[in-house]
Structure formats: C-alpha cells, structure tokens
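Okay, here we've got a single chain as structure tokens, the form predicted on its own, with questions on binding and movement later.
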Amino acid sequence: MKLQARPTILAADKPGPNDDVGLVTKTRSRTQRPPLYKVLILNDDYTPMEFVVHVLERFFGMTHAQAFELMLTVHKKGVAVVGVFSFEVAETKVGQVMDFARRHQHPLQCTMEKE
C-alpha cells in the first residue's frame, strides 16, 4: 500500500506576535483503498442456462430472480459483471466457479479484471 504524507498545523505551533520561531508541521500518513476487481461470467453455447443461474445463486448470493436476469444479460450480451470485490475475494470466487463448472463438465468461463 502506498502512503501519502499530509502536513498538519497545530495551533500551539503557530508563532505569536513576539515569537521568532518558524512554523512546525506534523506529518500524518493516510492509506489508500486497495484496488477492486470485477468478476465476469462469459457466455458459451454449451452451458445450460439453469446451471448459470445456480452458480450465481450459490457463489454470489443472488436471489433466483436476480440470477435469472443476470443470466439473460450474459446470454444476450456475451458477458456480464456479477460482482466487484477485493483481489483476494474476486480470485477465490473465480476459482470456485471454474472448479464447480469443471466438476459438472461445463465449459463456463469466469474471469476477473481490475476496475
């Protein structure tokens, strides 16, 4: 993570009218948010639509209606974002979906890309 320095001026450090003292600053560091990653499901001509709905419900916590709607988006547009997560969570979800599809002998593809 990259830290950024940000000077803070304290009231006690400000010179008075009779002071010959320079300005003192205190550095406060601030962390940046980690980058987020989009998890994408790709369309193929072999994976059954109900299997895609099941994957979306199981691994992404969607209701049946939400999963069905997103599955139709994948079917019509060829790809859809199913969620945005930290790197570790996105990587885990992609791995889970790919393993699950492979175990059920479906060529479903799930990938991730930086947002």
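Counting begins at 1, following the sequence as shown. This one's a predicted model, so the numbers in the text were calculated from it and none came from an experiment.
Just so you know, the form predicted together with ligand TYC exists too; it's not on screen, but the next bit is about it.
- A heavy atom within 4.5 Å of ligand TYC in the model of the complex is found for one listed residue only; from V81, V89, L36, L42, this is L42.
- Though the partner is left out of this view, H75 does reach within 4.5 Å of ligand TYC in the model of the complex, counting heavy atoms only.
- Ligand TYC in the model of the complex comes within 4.5 Å of no heavy atom belonging to M112.
- Residue contact with ligand TYC in the model of the complex: M71 places a heavy atom within 4.5 Å of it.
- Although the partner is absent here, G61 sits far enough away that none of its heavy atoms falls within 4.5 Å of ligand TYC in the model of the complex.
- Taking a 4.5 Å heavy atom cutoff to ligand TYC in the model of the complex, the one contacting residue in 90 to 115 is L108.
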